[in-house]
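Single chain ahead, by itself, as structure tokens, in the form predicted on its own.
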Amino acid sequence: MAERLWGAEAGGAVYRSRDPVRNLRLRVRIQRVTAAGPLPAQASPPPPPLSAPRGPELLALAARASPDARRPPDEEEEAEVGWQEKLFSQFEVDLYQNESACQTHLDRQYHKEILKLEKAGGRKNYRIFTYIDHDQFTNLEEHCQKVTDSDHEVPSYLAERMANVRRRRQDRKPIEANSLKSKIITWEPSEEFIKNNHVINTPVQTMYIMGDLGPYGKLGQREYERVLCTIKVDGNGVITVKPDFTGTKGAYWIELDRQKRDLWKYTIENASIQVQQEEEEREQRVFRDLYSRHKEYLSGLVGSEFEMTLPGTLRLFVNGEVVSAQGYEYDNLYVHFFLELPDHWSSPAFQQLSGVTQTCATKTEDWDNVAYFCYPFTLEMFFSQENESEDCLPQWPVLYFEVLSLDFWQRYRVEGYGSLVLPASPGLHILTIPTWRPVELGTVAELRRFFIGGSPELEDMTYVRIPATFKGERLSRFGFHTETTGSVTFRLYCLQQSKAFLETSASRHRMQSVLDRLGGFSQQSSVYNVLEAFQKARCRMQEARESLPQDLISSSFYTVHQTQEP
């Protein structure tokens, strides 16, 4: 059966190795398939018909017609090449032997190496040589690469820039900590700036294994040089070999564009020294020990046991985010917020219950000016009820916040106040809270706010709802002038933890505490709202009774009492 041959333009392969790349070695064997002269008549196959297929099958017949015994010594060669190992070609030997032709430091180094080779008996390779990463051929080869296979390809701006970038051995100097850049962020990049920065800079080392396919006695001519294999290695241990190792799929072939149409075939094999079984087992033990140590380190950071709360205690964990503020009059907004804990609530000593966002400029979206903060915060608190009572429900913490604006002279104005009761149910909650601000009547107050930044402020921010210092029965805001402003959007991820969640549904009916009776706290918000509405209705009924005559109150009460009887 005829041997199958493959074109040299066959696709490559990508490998990943954790071992040092200096251990990589390749074995390349090249030989001429057709003789330099015409084949003998008795060995020549009959000419194929016009409809007969041409290609690898015909090449195999020609290879059988010229046995290896008749092949000259220079028509077959085998070499083993290591990573970045320099094998000189006949052209380089003739060039660097003359010291006057050496201009760079690399040329003078090659001159010394060639002199050492001549003293040692000359080079052993004739047709197989290499171009390593330092050689000029590597730069020229990358510059001449095409993106498409079109003969009329016009390189784009990016292709030209990428061809001129030296992507190997990037000698980057570390930036000192005290060195400041003039512009860290370019808010309005120009088109030229985008073009200049749209270039990747990946450190890659390249090596070319070449073949001198010239006729016998005419080695060292550039027109007969062909690339047999290209190897690229990056800093992540990725090795790209093009074309791939031959293996079992057969040899590659190269056809020279000459009148004699000489054909060459070559093979590429991985000649790296394989790791012994003992060394591989030792390496696996080292990796297992390293992974186990890293696992113990992570376990030490996280903890092996699940942290449980005390009986009768609810743990509330909130991962929040101040998303945006919209609808305000002035620009350069920031939000100041703090959390108020009611009775029976506590927080760890390290927990910060207040925060201030960064100053953010607004941009117009639809009809509103929106400032996007995306400011994250974390809140952790505990609820524990010592005196169990069926008639009391826990009050939830309240997040108070104020929106302020900053002018050119670093003076601030109050843009709005608001409050947010933390959700009673776990999960994701996206809430948009409207705000208001106190105002003074008259034009002078607005002029003062516009020019010098002065505006009325609340001494106690809890006055947005019911102040913590209020001890009376009724809170009057009569005569307090306010103005509706914009709104603030929050995104809250709420988590709740309690031992009551572990109990079964049958045993929940026997629980006496408030936490156990409410179970998962998903119904607590609705129950609390109903009781609060009922309390307000009761207060209004009491006020109505006080305003009516006593005889009318007794008769109406008697009528209501009678209608409620079954």
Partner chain sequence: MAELHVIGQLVGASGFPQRRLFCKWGLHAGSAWKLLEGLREGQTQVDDPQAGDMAYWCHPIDVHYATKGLQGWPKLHLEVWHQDSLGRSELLGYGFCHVPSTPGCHALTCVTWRPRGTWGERLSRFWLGGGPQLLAPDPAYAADRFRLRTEAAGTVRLQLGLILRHFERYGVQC
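Numbering follows the first chain given and starts at 1. Just so we're clear, the structure is a prediction, and the values are computed from it rather than from any experiment.
Absent from the display: the form predicted together with the partner chain. The rest refers to it.
Enquirer: With the partner removed from view, which of 354-362, 109-117, 267-275, 463-471 is the stretch that lies within 4.5 Å of the partner chain in the model of the complex, judged by heavy atom distances?
Expert: Single hit among the candidates: 354-362.
Enquirer: Does the partner chain come within 4.5 Å of a heavy atom in each of Asn319, Val370 and Cys494 in the model of the complex?
Expert: Per the other structure, all of Asn319, Val370 and Cys494 touch the partner chain.
Enquirer: May I ask you to choose, among Leu310, Ile185, Leu428, Leu290, the residue with a heavy atom within 4.5 Å of the partner chain in the model of the complex?
Expert: Answer to the contact question: Leu428.
Enquirer: Using a 4.5 Å cut on heavy atoms, which of Gly122, Gly247, Gly303, Gly217 is close to the partner chain in the model of the complex?
Expert: After the contact test, the surviving option is Gly303.
Enquirer: Is Glu380 part of the interface with the partner chain in the model of the complex - any heavy atom within 4.5 Å?
Expert: It does: once the partner chain is placed as it appears in the model of the complex, Glu380 has a heavy atom within 4.5 Å of it.
Enquirer: Taking the partner chain as it sits in the model of the complex, is Asn332 near enough to touch it, meaning that at least one heavy atom pair lies within 4.5 angstroms?
Expert: It does: once the partner chain is placed as it appears in the model of the complex, Asn332 has a heavy atom within 4.5 Å of it.
Enquirer: Indicate whether Gln103 is a 4.5 Å heavy atom neighbour of the partner chain in the model of the complex.
Expert: No - in the model of the complex, heavy atoms of Gln103 and the partner chain never come within 4.5 Å of each other.
Enquirer: Does Gln410 reach the partner chain in the model of the complex, with heavy atoms at most 4.5 Å apart?
Expert: Yes, Gln410 is a contact residue.
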